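The chain below stands alone and is given as structure tokens, in the form predicted alone.
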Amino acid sequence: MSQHDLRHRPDLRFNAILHRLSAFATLSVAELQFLRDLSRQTRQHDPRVELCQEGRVPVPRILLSGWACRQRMLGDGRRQIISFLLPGDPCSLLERPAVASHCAVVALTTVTVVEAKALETALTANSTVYPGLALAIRLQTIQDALLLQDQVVRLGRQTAYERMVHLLLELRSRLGIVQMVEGNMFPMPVTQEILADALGLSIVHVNRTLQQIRRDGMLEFRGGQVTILDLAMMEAVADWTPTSLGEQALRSGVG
């Protein structure tokens, strides 16, 4: 089977992995087939299910559909969402040495995941067998670190207004890679409570901030969808430095 056939056969479970990793490296026919075979062994989890418990050594996984997050719970029940996991994102893949996680990974929506131990084993044993996949996972790890730096700056220096706009731009950029941005719209299947926990704000503050952003004509937020109305203004407000891969996908008309 040709590379073209593997890229264009309809299989929604396969698409997220394909688009995410192909954004980082060119994958061979053998690597595409490996991912397709891997994506057939799926497991579905309901919202609020812990995919990885804090203090436990995590199982390497790839998220095929739905949204999850890395989070830390404080003793009094307060939660800080550290990062979002979107379709196609690897989780705890090639983390060596394998150590207990300092945060939990929790499903925010219904999610479909695939255990990626076979991929980790293949790449650990001999990365020259699947060089494209090895490179893609390494670069994904680097991007994860850059996104974490963005989160630190958001929480440490930006206003509530700037934080919200910056996070929405990040999500738009990342969803663009997996072709989940259509024109000016992208899915936002999370509650204001989740946004509050990601941005270090109260729910009331999140609600007021979103209302102000709407009044300023930058976006609409309804029915689990965000529609961008003034991208240039959002980028200026957030002091946005684009995530290159996501911006390349969006600016080339993907999605």
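Start at 1 and count along the sequence shown; that's the residue number. What you see is a predicted model; the values in this text were computed from it and never measured.
Omitted here: the form predicted in complex with the DNA. The next part is about that form.
Proximity to the DNA in the predicted complex, taken as heavy atoms within 4.5 Å, picks out 202-210 from the listed stretches 202-210, 53-61, 226-234, 31-39. Contact annotation: of the candidates Gln149, Thr159, Thr124, Thr128, the single residue with a non-hydrogen atom within 4.5 angstroms of the DNA in the predicted complex is Thr159. Within 4.5 Å of some heavy atom of the DNA in the predicted complex lies at least one heavy atom of Arg214. Contact annotation: Gln44 falls outside 4.5 Å of the DNA in the predicted complex, judged by heavy atom distances.
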